[in-house]
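Shown here is one chain on its own, the form predicted on its own, set out as structure tokens.
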Amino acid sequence: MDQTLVLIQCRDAVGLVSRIAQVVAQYALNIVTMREYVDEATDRFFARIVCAGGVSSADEFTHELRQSLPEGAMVQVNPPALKKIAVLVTKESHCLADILVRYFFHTLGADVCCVVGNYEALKDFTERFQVPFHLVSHEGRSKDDFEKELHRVIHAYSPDYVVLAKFMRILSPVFVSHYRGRLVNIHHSFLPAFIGANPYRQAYTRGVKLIGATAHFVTDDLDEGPIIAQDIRQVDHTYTAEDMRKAGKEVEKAVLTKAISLIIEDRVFITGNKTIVFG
């Protein structure tokens, strides 16, 4: 059976759900699931609606929905189901390996169009999955030149999202601006704790009892972008810094996979510096 997915973000107003339901009914669609949320602080309404049945003209249906909503409403009907992701890496393999294995067995839900690394360490591994690998070295060149080449390579694939799978370079606001709201990073700690480098050494020194990982959208502020997913694992005094790092890798993989799943299923809305996530 055909399904129609509708994503809505607009200014809040009385009767929005009723208005949406009336338009949906006019097109003989049946609402299967509807998740909605009002952010009272910003007076914004968010909705993710799955309907049984299809529409002959998504553009016409989108127009009718917009007409029923407050001015400036953002409406998407049937966004592309199969998203393309480009993956940026440095030397650590665990997050990339998890992505490529899931891609190989068709459980990722996305097309990995390319992997780009600033070292060649993961080239052979990537190519075993018949995924193109591009080396864009940062060595011996300016940050501006490096990022221009990085953008040129990625742009050629027109990805929907760019995933930083342990890509250990700080990106400039200019680069981030090319992929605003589409650049996803996995950070090896439970933000906002232990921002920056060596989080497991920081955690060990503090004697923490929980370690975690955070997947977030990248903004101009280091490790402070809107959070998509987080998870934690309990540790204790017997864990060395290396034990914490190993346990942390497992959490990182799980959290990044969860974040990718949420964004490719169109379950994440960005509002200011936070997200609305319809799990």
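Values in this document were obtained by computation on a predicted structure and should not be read as measured data. Each residue number is its position in the shown sequence, starting from 1.
FYI, the form predicted in complex with another copy of the chain isn't displayed, but the following is about it.
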Quick one: which of 104-112, 144-152, 68-76, 168-176 gets within 4.5 Å of another copy of the chain in the predicted bound form, going by heavy atoms? 104-112
Examine residue 97 and determine whether its closest non-hydrogen atom to another copy of the chain in the predicted bound form is within 4.5 angstroms. yes
I'd like to check something about residue 44: if you look in the predicted bound form, is any of its heavy atoms closer than or equal to 4.5 Å to a heavy atom of another copy of the chain? no
Looking in the predicted bound form, any heavy atom of residue 229 within 4.5 Å of another copy of the chain? yes
Tell me, yes or no, whether residue 245 is in contact with another copy of the chain in the predicted bound form, where a contact means a heavy atom of each within 4.5 Å. no
Listed residue (136, 186, 122, 86) with a non-hydrogen atom within 4.5 angstroms of another copy of the chain in the predicted bound form: 122
Which residues from 243-260 come close to another copy of the chain in the predicted bound form, meaning a heavy atom within 4.5 Å? 250, 253
